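So this first bit is one chain, no partners, the form predicted on its own, shown in structure tokens.
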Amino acid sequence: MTTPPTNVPPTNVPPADVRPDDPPATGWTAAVRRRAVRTLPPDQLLPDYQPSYVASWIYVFGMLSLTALIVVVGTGSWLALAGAAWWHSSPVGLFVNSLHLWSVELFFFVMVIHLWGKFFMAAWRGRRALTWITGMVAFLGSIGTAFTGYLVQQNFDSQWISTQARDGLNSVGVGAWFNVLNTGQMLLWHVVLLPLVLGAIVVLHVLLVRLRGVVPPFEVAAPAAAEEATS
């Protein structure tokens, strides 16, 4: 049996300059820490228990959407670092580009199922309206991000999409700020601006889910109560 070293201080003993009878810290860092712990309790951010109804498949599609989004961000970052010539000429680049595309397709597939599932479950119940709103905004933002991604493919598809979308955007008066024929502008929208906004909304959505919990299913009336209600 080995003896622990004596020069290592125990971890459960406060520092020598802090005594139990000292008043609580009043600095701004202590105030921020207390506010953060009060707003985002660690036991809710990283729970080790979930209700039994979470085992239903309808609750899986939200996590699948988040997983697909992580793959989208990872492959997109790889493509941005290597450049356009790499994903057009290199076999590895073509594979990563295809993986990026199909992860986007998978993201929208599971995202739509998640969206409609939560709609029919009335996911805004129980003070969860902001959770539902952030999810909807994230879905709409992902559409814009995917649209700008199609515009920077540098092929005939992107040319056709941009020319068809130009007249529509000009008709609503946003063509002066959102020039779909400018590949550099669309690339910045797709790689920098929209992903940052979308990522912030997704993080807020996940935090709200952790804080307020997933929406429970509708309660089923007991057979006796149902018979009394119909009689």
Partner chain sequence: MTTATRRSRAASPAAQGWAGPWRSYDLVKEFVVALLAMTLLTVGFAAVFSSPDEKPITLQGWAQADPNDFVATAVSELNGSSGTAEYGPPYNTAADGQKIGPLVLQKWGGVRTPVDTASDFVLTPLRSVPGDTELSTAMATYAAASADQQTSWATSYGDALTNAPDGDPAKVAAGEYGPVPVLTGRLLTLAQSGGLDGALVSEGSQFYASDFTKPLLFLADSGYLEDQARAQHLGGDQWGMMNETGNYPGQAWLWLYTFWYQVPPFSTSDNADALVWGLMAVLTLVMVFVPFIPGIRSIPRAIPVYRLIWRAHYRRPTG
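What you see is a predicted model, and the numbers here were worked out from it, not measured in a lab. Positions refer to the first chain, counted from 1.
Beyond what is shown, the protein has a form predicted together with its partner chain; the following relates to that form.
- Distance criterion of 4.5 Å from any heavy atom to its partner chain in the predicted bound form singles out 54 from the list 203, 196, 30, 54.
- Although the partner is absent here, residue 76 sits far enough away that none of its heavy atoms falls within 4.5 Å of its partner chain in the predicted bound form.
- A residue is said to contact a partner when one of its heavy atoms sits within 4.5 Å of a partner heavy atom; residue 166 meets this definition for its partner chain in the predicted bound form.
- Though the partner is left out of this view, residue 214 does reach within 4.5 Å of its partner chain in the predicted bound form, counting heavy atoms only.
- The closest non-hydrogen atom of residue 181 lies within 4.5 Å of its partner chain in the predicted bound form.
- Contacts to its partner chain in the predicted bound form (heavy atom within 4.5 Å) from stretch 169-202: 169, 170, 171, 172, 173, 175, 176, 177, 179, 181, 182, 183, 184.
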